[in-house]
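First, one chain by itself: the form predicted alone, in structure tokens.
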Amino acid sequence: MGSSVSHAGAPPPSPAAAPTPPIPVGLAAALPPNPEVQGDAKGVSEKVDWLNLPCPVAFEEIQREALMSLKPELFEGLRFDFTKGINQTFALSHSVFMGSMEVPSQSSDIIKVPTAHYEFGANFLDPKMMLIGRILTDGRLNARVKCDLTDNLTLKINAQLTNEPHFSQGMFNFDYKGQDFRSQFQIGNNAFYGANYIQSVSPRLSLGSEVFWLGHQRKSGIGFAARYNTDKMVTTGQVASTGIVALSYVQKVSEKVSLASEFMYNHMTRDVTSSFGYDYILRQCRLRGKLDSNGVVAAFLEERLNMGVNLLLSAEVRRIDHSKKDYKFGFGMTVGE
């Protein structure tokens, strides 16, 4: 008898498996991987879409990270701010300030006179519109308006009215936000006209320019700016026909610590100023400060005592000459969000 097992009932042969790469042995195990293969993979993962660059920051906010550390809201005296929300869009604010004000003097001595004022404010906040008004006991009225005319076009109005002649000011700004650029046109009193434009030229680099014309004084100017930012640092540079050269650098040490430096040169007056600042965010407080080449040391502390209650401490020491120093200390409290 022949074989009783039919070939039709035999299981099909298994497909050929892909050959496994050989395991490196000897000296090959200690060699680094092929750089050409790594370079190709890296180039594919970091391919830049030049037609879909990110939108840059506004030209007027090109130094916002550096100004956060180098320009804290310093004050001298006592300040108390209270904000009460009426509903989700409307709120009232009250502010009391008692301190001193510097009076211009021809000598090197600083003359301070005591001053105090009360400020009443109203805020209207809406997704498409923002209205902010402030009126002080000395008769000054400040108003700010921000209105989104379209998804890309925004109108901003800043106005200040005073009892003194020729001191009232007004400014209209039209901001347009594109896919990878921003532009702004400004109209103000005293025949002021200005425009600026900033464009992203790479995912991290943006270049911009601005021009202005002050018809009341027959003055004009032009300026250029550059901004380069990564996840850990931001550096900016600005130069203007008025003789100003400004450079800034911000290093993000961690999620809570940032260091900033700035260099300022005025070609007209030959003044050079360099500043160093820090921004430290803790769990319940935020500490900011700076030190510059003019001998100014300043610190600003904002501590959250409770929900909606913040304590403010401000200090500044300025060297007038080798034997005199000017001290400014402030204490404040804000209540309400």
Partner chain sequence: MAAKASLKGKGKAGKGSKGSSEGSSAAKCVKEWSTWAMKKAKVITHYGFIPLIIVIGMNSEPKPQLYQLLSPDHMIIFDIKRRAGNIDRHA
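Here the structure is a predicted model, which means the values were calculated and not measured. Numbering follows the first chain given and starts at 1.
Below, we turn to the form predicted together with the partner chain, even though it does not appear here.
In the predicted complex, the partner chain lies within 4.5 Å of some heavy atom of Gly188.
The shortest heavy atom separation between Asn123 and the partner chain in the predicted complex is within 4.5 Å. The closest heavy atom approach of Asn163 to the partner chain in the predicted complex falls within 4.5 Å. In the predicted complex, at least one heavy atom of Gly139 sits within 4.5 Å of the partner chain. Checking His117, Arg204, Lys156, Arg134 for any heavy atom within 4.5 Å of the partner chain in the predicted complex turns up a single hit: Arg134. Here is the short version: of Tyr176, Tyr193, Phe263, Tyr249, the single residue with a heavy atom within 4.5 Å of the partner chain in the predicted complex is Tyr193. For the partner chain in the predicted complex, the listed stretch (234-242, 71-79, 252-260, 124-132) containing residues with heavy atoms inside 4.5 Å is 124-132. Within 4.5 angstroms of the partner chain in the predicted complex, the stretch 52-80 places no non-hydrogen atom at all.
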